[in-house]
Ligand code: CTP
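Just the one chain here, the form predicted on its own, laid out as structure tokens.
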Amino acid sequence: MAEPDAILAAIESHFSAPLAGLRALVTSGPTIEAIDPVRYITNRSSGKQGHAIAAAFARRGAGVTLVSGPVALADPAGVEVVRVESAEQMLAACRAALPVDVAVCTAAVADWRVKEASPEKIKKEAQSTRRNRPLTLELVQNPDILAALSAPGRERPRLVVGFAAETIDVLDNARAKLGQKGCDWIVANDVSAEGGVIGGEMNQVHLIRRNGAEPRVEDWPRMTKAAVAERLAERIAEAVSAAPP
């Protein structure tokens, strides 16, 4: 069940459209990277947070493109959904959605992929005549979607927001990511927190915004992912309305 604050925010957003006329891009869910036709590398992301953010944008009048990896979720109302599997497909879909005013990169993109996926199922019997010999997979880095969208250029969104899912040193790692990726804001959360953030309904995040030499950190209480989405959409609406186009 949604929190009262999230319900009120959703109701209020129906009667106002602070993001009307703006285009938003949201990435959501995991990516899956093929090993062979039946096996792949992925992660535990459910897409619940990204889908909730896309829905919150749409309720505020934005035109929203949601680029989603494989998830078991219904499409948010009023949102254009582009379904992808791999990180490379997700980057291509994001570039195709440009230009946009705001980009929120919530997806848990796999950092690595198999250098050359096998066109046929890998048979363990074919690997070696010696039983139980480990299979070695050569991995290469995937494209960095957040950094690509944050790079200077004519099509760079006015506001680029990334997510940092961490298990240790959450704020330190998120601040470092803010500097490395070139985005404007980072939403950091501890995915090892009690209660199961990944796949669960609850989240606790820290919003980190560029503020000169020292980023500004805003700590949010534990709340549902729907409530996180509503609050983030409000912060973004305030920022884009205050900033020149």
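Start at 1 and count along the sequence shown; that's the residue number. Every value quoted in this text rests on a predicted model; they were computed, and no experiment measured them.
This protein has a second form, the form predicted in complex with the named molecule, left out of what is shown; the following refers to that one.
Undergrad: Indicate whether residue 146 is a 4.5 Å heavy atom neighbour of the named molecule in the predicted complex.
TA: Although the named molecule is absent here, residue 146 would touch it in the predicted complex, with heavy atoms inside 4.5 Å.
Undergrad: Is residue 59 close enough to the named molecule in the predicted complex to count, meaning some heavy atom within 4.5 Å?
TA: Contact with the named molecule, no.
Undergrad: Just checking whether residue 105 would be counted as a contact of the named molecule in the predicted complex - the rule being heavy atoms within 4.5 angstroms.
TA: Residue-level check for residue 105: yes, a contact with the named molecule.
Undergrad: In the predicted complex, does residue 75 have a heavy atom within 4.5 Å of the named molecule?
TA: Judged by the heavy-atom cut-off of 4.5 Å, residue 75 is well away from the named molecule in the predicted complex.
Undergrad: For the chain shown here without its partner, which stretch in 198 to 206, 176 to 184, 62 to 70, 214 to 222 has non-hydrogen atoms within 4.5 angstroms of the named molecule in the predicted complex?
TA: Going by heavy atoms within 4.5 Å, the stretch is 176 to 184.
Undergrad: So which of 165, 100, 159, 84 reaches within 4.5 angstroms of the named molecule in the predicted complex, heavy atom to heavy atom?
TA: Selected option: 165.
Undergrad: Only one of 170, 109, 93, 79 comes within 4.5 Å of the named molecule in the predicted complex by heavy atoms, so just point that one out.
TA: Contact check passes for 109.
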